Ligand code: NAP
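Let's start with one chain on its own, the form predicted on its own, as structure tokens.
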Amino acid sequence: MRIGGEPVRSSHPQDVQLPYDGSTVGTIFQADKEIVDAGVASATAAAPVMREMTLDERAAILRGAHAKLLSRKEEFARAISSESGKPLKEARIETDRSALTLLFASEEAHRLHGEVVPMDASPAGKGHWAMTVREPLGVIAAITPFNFPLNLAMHKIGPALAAGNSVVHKPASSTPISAVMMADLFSECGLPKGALNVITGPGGSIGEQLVFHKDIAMITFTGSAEVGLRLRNLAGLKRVTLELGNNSAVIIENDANLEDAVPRCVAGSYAHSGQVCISVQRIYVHQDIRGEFIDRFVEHARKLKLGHPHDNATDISSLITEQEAERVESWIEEAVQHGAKLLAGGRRTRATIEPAVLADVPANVQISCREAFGPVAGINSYRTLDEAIALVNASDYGLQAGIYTRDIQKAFTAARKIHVGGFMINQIPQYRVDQMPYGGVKMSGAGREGPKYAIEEMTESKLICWKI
């Protein structure tokens, strides 16, 4: 672990395994209560130092981390691939995106400002001036998931540092290696000691300790809805932002460009074996083009290459654990038992599942209702756009959704009526660039990420008023 810029071990080592074959790729340590307290104490001591740094000083550290991360791209990509099982070519993309997230955060550090308040708009305001300034919250606990172990961490750490906060980072217990590496990289870039601390171990106990700790000002969490809801209920008056997943839907109208829509939907369904919060899970296709879309989709899905994540040719590797693969396999079987048609894939070897294509999936099975977080997509048909919109909205989640159509009226009708945090036109729901606002509604969470928007969550507005 890393506390106050120094390496820390406990008496409880834990192997980190490559999910594809179970081989050991590293050893990490599990934090106890004393180590968690030490991490928070270190961040608390560093918070005043971060607060007093100029915007330019914070931005310079983030720019340095951006450049240094790019110079070590292959090393970080291999670490991500080894701990998460993500194909190496996807891990390289994640490393690039992580560096860009830091660059965006550095730019937003220069834009951190308040505003002048027009006091004399009120009769009682005559002779007064006022302005607002944005100030850091203090110590932020960042709890991050396994599926994007580097970039989702940078979406929390980068804005937190840009805003002048200090951070205690709790990475997923299965993917801690890149987090520790990144803490060392920040130290090399001149980040004050204690401004970024990394503690590792089981999420349940550590997460609750952080939520209850009196010196933690904010919890920013990405993970399951069940855990996120519990953290929010326990947090009291602490600031909380949550990104809790989805079962993303996309509508394919009968005028859609299938040359574009089909390969994008395949990529959106099966990237990182479907372990992406905005993976395409539900596809609603107009009945006029149902057969053509399905034929093309199955053809593209069957071309994906399964293999070891370190093989540059691999498109699909394993899920994070064999238990998760067994769960997804059981959900596929449930859907078939209730009338869905398995058109391709679905076979499991240890933690790896062939990309599964289902058609005519009943609305009451788990593939339709819950977040699969696996390589499976369900294709259903519809008659009218209003019917498709109702099907998309019939979900407890609301992170992102999309539509493919050449008709701008249909596109914006769907955009207005579908209840999600982000809506994509002629693009898959999995589309995300790292400077955009990102977050959901309903059970998909609360708050927004993207450096500009995360900084708003991680700062407080203070009013300063004076009588002339």
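Worth saying up front: this structure is predicted, and the values here are computed from it rather than measured. Residue positions are given as counts along the sequence shown, with the first one as 1.
The same protein also has a form predicted together with the ligand, omitted here; what follows describes it.
Across the options 339-347, 227-235, 86-94, 307-315, residues that bring heavy atoms within 4.5 Å of the ligand in the model of the complex belong to 227-235. Put simply, E371 is close to the ligand in the model of the complex: some heavy atom of it is within 4.5 Å. Although the partner is absent from this view, E208 contacts the ligand in the model of the complex, with a non-hydrogen atom inside 4.5 angstroms. The ligand is not shown here, but in the model of the complex it comes within 4.5 Å of a heavy atom of C277.
By the criterion of a heavy atom within 4.5 Å, F221 is counted among the residues contacting the ligand in the model of the complex.
A heavy atom within 4.5 Å of the ligand in the model of the complex is found for exactly one of A335, A183, A256, L152: L152.
Of the residues given (G127, G291, G190, G204), G204 alone sits with a heavy atom within 4.5 Å of the ligand in the model of the complex. Using a 4.5 Å cut-off on any heavy atom, the residues of 130-166 that reach the ligand in the model of the complex are, in sequence order, I143, T144, P145, F146, N147, L152.
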